[in-house]
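Here's a solo chain for you in structure tokens, the form predicted on its own.
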């Protein structure tokens, strides 16, 4: 089997990094993106051979253009794209600022939208696009209004893309993680106590008796990127340990 080449946006930590590590273990060629050089260099150093890091800010269309150009120059075409880059910052609806709204939408939705659009010319036929959304789309959580809206918008886009891109052999599917232990909580503005309480709550209420880890999500993403999922379109795989049953 020939080696598949996959791009993962936001691959320096958490889910993105774990997916890159898992794919590399199965002989994929992996390109990850990151916003800061130090984090990117550190991740690539840990991932080792067959990994490439490209500095790119998902909220910048110029950076996305540069990313596609570099990938095309080095690899020609790619087999898959994991739209993983995203942010979450907790904010009560009444206190949400325009700045936070724009920042969240620019990364989680606008950046994702144009990353897919700009990669279309170098996606093979067949190829796979996987969107990383969240259980917040169908289960309400306080202080997540903008984040929830951004992920719901991404899921709605998937339906249209599967129709419009069908003749190019591009399929789009979704992985929907539950609360996952990753650096996203530290970056959210939540206190350490709030994070601990959140993780303990979901550990104690989950049928599997623990919190979801990024390594739990990686095999699901690999399945959606692989030839094993060629007949799937707009499928959403919920990876939450059963907490939303």
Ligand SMILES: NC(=O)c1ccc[n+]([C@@H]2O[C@H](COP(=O)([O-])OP(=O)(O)OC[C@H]3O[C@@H](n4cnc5c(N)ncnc54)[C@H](OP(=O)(O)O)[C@@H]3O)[C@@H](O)[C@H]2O)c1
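Positions refer to the first chain, counted from 1. Everything numeric here is computed off the predicted structure, so don't read it as measured data.
Below, we refer to the form predicted together with the named molecule, which is not included among the displayed structures.
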Quick check on this chain: which one of 137, 71, 123, 107 has a heavy atom within 4.5 Å of the named molecule in the model of the complex? 107
Just to be sure I understand the contacts: of 31, 47, 179, 220, which is the one whose heavy atoms reach within 4.5 angstroms of the named molecule in the model of the complex? 179
Would residue 226 show up as a contact with the named molecule in the model of the complex if we use heavy atoms at 4.5 Å? no
Verify the contact flag for residue 87: yes if a non-hydrogen atom of it lies within 4.5 Å of a non-hydrogen atom of the named molecule in the model of the complex, no if not. yes
Taking the shortest heavy atom distance, is residue 185 within 4.5 Å of the named molecule in the model of the complex? yes
Taking the named molecule as it sits in the model of the complex, is residue 197 in contact with it (heavy atom to heavy atom, 4.5 Å or less)? no
Residues 141, 158 and 244 are flagged as a possible site; in the model of the complex, is every one of them within 4.5 Å of the named molecule by some non-hydrogen atom? no
Can you say which of 125 to 133, 71 to 79, 92 to 100, 166 to 174 gets within 4.5 Å of the named molecule in the model of the complex, counting heavy atoms only? 125 to 133
Does anything in 209 to 235 come within 4.5 Å of the named molecule in the model of the complex by heavy atoms, and if so which residues, in order? none
